[in-house]
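Next comes just one chain, in C-alpha cells: the form predicted on its own.
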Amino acid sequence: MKKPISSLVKEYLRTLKPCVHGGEVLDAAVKSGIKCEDLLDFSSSVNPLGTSKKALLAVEAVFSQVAAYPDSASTELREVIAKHYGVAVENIVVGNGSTELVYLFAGSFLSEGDLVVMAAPTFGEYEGAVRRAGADVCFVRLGDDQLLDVDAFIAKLVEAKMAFICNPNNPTSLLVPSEGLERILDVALELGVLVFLDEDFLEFVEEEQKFSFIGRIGKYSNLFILRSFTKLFGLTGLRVGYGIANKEIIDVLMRVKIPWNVNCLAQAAAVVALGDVDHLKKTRDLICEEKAYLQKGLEGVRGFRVYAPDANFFFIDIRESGFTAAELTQKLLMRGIMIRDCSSFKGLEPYYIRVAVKRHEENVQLLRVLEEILGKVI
C-alpha cells in the first residue's frame, strides 16, 4: 500500500493505548521467572475461593453444545437474573464480561465531540470506551479523602451527555454516599444526562441491597447499572457481565450488541452460579473475616496509609515507605507475590497500590513478606 496503515485509522483512535489491569499472571511469570502456579495474585480482586463447583459441573454438562451457536439473547440467563432482582427480562442485557457492556453503552449513545464526566482515579476502561466513541472526557478529581466530590461532579453535568460512576470505586474501594449518588442522579435526570453506574464490586459490601440502585431503575430512566459474574462469582475466564436498566435503554443495547456475544459454557455457568447460595455465603463470610485480619496487618506495615475498604480490596498510600508503587511491586513480584501498582490510574501519584483480600494462609504470607521488606510500625 502507498498509504501507511496508521493514516487509515480514525484520527481520534490513533493515540489510544491499552488499559493496564491486574491479574496479568502470565506476564508476571515471564518477568519474574516464577511459574504461574507459584505466584500469589493479590492484584486481581476476585473471589478467593474461586468458581462454584456447581457452576463448573454445569459447564461440563453443556460441552456437547459447543458445536452449536449459543443463544444470542442469553434468554435463560436473563430470566434468572430478572427473577433474582425482581425486574423484567426486558430490563436485562448480558455481555461478554462487564467490559464489553462498558464499550457497548458508550458506543451506542455517544457521538464524536460529546462530553462525558467521570472521576479520577477510576476504572480505566471507561475512558477507553469514551475515547473510542470519539467523545471527550471531563475528569473530576477525588478529594484528599479519596471520596467523590459530589458538588464538583454535579457542576460538570451541565455540558455532559453521559457520566460514569464506579461504586464502590476502583481502585479506592470506597462507596459514594447514597444521598450524594441520589443527588447526582436527580440532576442528571433533569438535564437528560445518561448515567452508567458500575456496581461490580457492590456484592462484596455488607448490606449490599441498602446501597444498590437496581430498585430505582423505574424512577431513573437515564440509569444503566452494571453487574458482573467476574468478581464475586469467580467466572473470570468465562467472561459474563450484565446490565440492568429501563426497557428503552436495553432495547437499544440488544439491537446494537454483536450476535452470540456470550458463549454457551458461560451462560450455563452463570445460571447456576447465581443460585449457589452456599458458595456465595462461604465467600462473603471469608471476605468479612479476612478483610478485618488483613486491614489490621497492613496498618502495621511501616510506611503504609491504609484506606478502610468498603469492597474486597485495599487502597494504600505507600509514600512514607521509601518505595514507589512500581518499586515495591517489583520487589514483591520477585518474591512470588503480585499486587496492583496503581500508577496507571488517571489522577494518582506513583505511590499507591491495591491489594485484594485472599485466603488466610495467603494473606499471612503477604504480610510476612511485606514486613520483611519494610518492617513493622514501631
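Heads up: residue numbers just count along the shown sequence, starting at 1. Everything numeric here is computed off the predicted structure, so don't read it as measured data.
What comes next is about the form predicted in complex with a small molecule, which does not appear here.
Shown without its partner, this chain lists 109, 201, 153, 213 as candidates; in the predicted complex, only 201 has a non-hydrogen atom within 4.5 angstroms of the small molecule. For the candidate set 267, 98, 91, 283, a heavy atom within 4.5 Å of the small molecule in the predicted complex is found for exactly one residue, namely 98. Although the partner is absent here, residue 239 sits close enough that one of its heavy atoms falls within 4.5 Å of the small molecule in the predicted complex. Of the heavy atoms in residue 170, some are within 4.5 Å of the small molecule in the predicted complex. In the predicted complex, none of the heavy atoms of residue 224 sits within 4.5 Å of a heavy atom of the small molecule. Although the partner is absent here, residue 261 is not a contact residue: none of its heavy atoms lies within 4.5 angstroms of the small molecule in the predicted complex. Partner proximity in the predicted complex, defined as non-hydrogen atoms within 4.5 angstroms of the small molecule, places exactly one of 302 to 310, 173 to 181, 113 to 121, 226 to 234 at the interface: 226 to 234.
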